[in-house]
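Only one chain is included here, represented as structure tokens and corresponding to the form predicted on its own.
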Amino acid sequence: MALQGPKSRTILERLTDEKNIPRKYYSFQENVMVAGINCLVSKTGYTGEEGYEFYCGPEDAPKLWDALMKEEELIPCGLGARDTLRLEAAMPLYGHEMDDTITPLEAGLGFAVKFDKEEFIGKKALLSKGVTRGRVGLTITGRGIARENCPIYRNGEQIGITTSGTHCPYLGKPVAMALVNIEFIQIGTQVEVEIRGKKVAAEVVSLPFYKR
């Protein structure tokens, strides 16, 4: 279970001792009693907000859920809401912005590739392929909501495809992430996205769409 949002730490401090709460992103602590339930608590989440994830025994999950739901600030939500949040934060998701046909360099994850290492699996392939496309953000300026796998056009020529897209309630507008040919990744580039057979105006914008 995940506890995410700007009040997540304040709420968690009511359910466990402050010393049990990990402070560094992507760190965790084991054998933490949260509302009397033994958990592994990690400072992780894919929402773009501060947050924590709890791992406990299956038999304890309903009790942990009930304890969290007693906190009146909390609103229960599922993976659909999580996906909207991670899109606003421009967090790439495997099967969308990442898969075995998309290189880390194309996905905007070059920081995780250390070319100064003498050798690693895939180094030669990455260097030989180069970067011919890149991940960008799109704001839909016309009428329509782009989803994944919508073709993207510039002057009538297809230049890419959307990888994720929806109407973002916090931003109040439809946005999408996409892979486009490298010569069209500049901020402000005007393009068209084919949505249900109709080409709709869109603009390349900087990522992330939202940053806390």
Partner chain sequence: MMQDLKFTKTNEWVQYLDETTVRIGLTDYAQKELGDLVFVNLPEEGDEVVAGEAFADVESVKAVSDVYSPVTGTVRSVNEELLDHPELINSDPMEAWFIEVEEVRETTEFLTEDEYDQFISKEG
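Positions refer to the first chain, counted from 1. This structure is a prediction, so every number in the text was calculated from the model and none was measured.
The same protein also exists as the form predicted in complex with the partner chain; that form is not shown, yet it is the one meant from here on.
At the 4.5 Å threshold, heavy atoms of Gly144 reach the partner chain in the model of the complex.
Proximity of His167 to the partner chain in the model of the complex falls within the 4.5 Å heavy atom cutoff. The partner chain in the model of the complex is not approached by Gly130, whose heavy atoms all lie more than 4.5 angstroms from it. Using a 4.5 angstroms limit between non-hydrogen atoms, Lys198 touches the partner chain in the model of the complex. The partner is not drawn, yet in the model of the complex one stretch among 99 to 107, 115 to 123, 78 to 86, 130 to 138 has residues with heavy atoms inside 4.5 Å of the partner chain: 78 to 86.
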